[in-house]
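Listed next as structure tokens is one chain, alone, in the form predicted alone.
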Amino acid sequence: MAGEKPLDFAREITNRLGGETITRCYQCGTCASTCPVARTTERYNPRQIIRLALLGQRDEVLKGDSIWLCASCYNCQERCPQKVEIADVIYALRNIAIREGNIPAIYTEFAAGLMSEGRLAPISKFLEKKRADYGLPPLKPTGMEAVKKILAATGFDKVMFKKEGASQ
């Protein structure tokens, strides 16, 4: 945001559920050294994400794809000597990104499926028939009324409309 100071972004994160511990980080790098995702790609480094966030690099953190690469394994969080709840900080950053309409396409596709059919991916008639071959019971109805109530109660349906409106 224009005119925002670095501490403003850090304060915003600490005020979010899951983001409370971000300012404890002293950049030791234990999180990055234990992260299985960081071992496979240079695109994800939890230490670097926290550093950028604490420096107020809001757009770089929220509009990039790195916060979406966390596998939520909690290795970083279990080993952090400062007790920074890193995976939870990443969730807080994701929630801020979502509120601002920065949602990766795959998540919007999953959400659209959830909102329309109550499932992340449609189940074809072929797969439904195959369930019996494997001794599986027929699928139960998804309970769309309950799904819609949950989406409305969490405000998720409004976030999705905001994202759809942003692309027009």
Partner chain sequence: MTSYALFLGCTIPARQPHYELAARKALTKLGIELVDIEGATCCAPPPLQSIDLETSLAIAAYNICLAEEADLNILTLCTGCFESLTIANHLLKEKPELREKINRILSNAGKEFRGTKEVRHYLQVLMNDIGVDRLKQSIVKPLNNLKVAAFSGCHLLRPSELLRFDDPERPRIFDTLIEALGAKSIPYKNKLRCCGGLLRGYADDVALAIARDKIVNAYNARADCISTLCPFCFLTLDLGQMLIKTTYKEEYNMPIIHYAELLSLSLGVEPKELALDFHKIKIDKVLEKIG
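Quick caveat: nothing in here was measured; it's all calculated off a predicted structure. We call the rigid core the largest set of C-alpha positions that still match within 1.5 Å between the two forms. Numbering follows the first chain given and starts at 1.
Another form, the form predicted together with its partner chain, is not on view; read the next lines as being about it.
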Each of 16, 69 and 91 within 4.5 Å of its partner chain in the predicted bound form, by any heavy atom, yes or no?
yes
Exercise: residue 101 in contact with its partner chain in the predicted bound form, heavy atom 4.5 Å:
no
Indicate whether residue 118 is a 4.5 Å heavy atom neighbour of its partner chain in the predicted bound form.
yes
If we define contact as a non-hydrogen atom of the residue within 4.5 angstroms of the partner, is residue 142 a contact of its partner chain in the predicted bound form?
yes
So, in the predicted bound form, is residue 36 in contact with its partner chain at a 4.5 angstroms heavy atom limit?
yes
Going by heavy atoms, what in 38 to 68 lies within 4.5 angstroms of its partner chain in the predicted bound form?
39, 40, 41, 43, 65, 68
With a threshold of 2 Å on the C-alpha, tell me if residue 63 counts as moved between the shown form and the other one once the core is superposed.
no
How about residue 15 - superposed on the rigid core, does its CA move between the shown form and the other one by 2 Å or more?
no
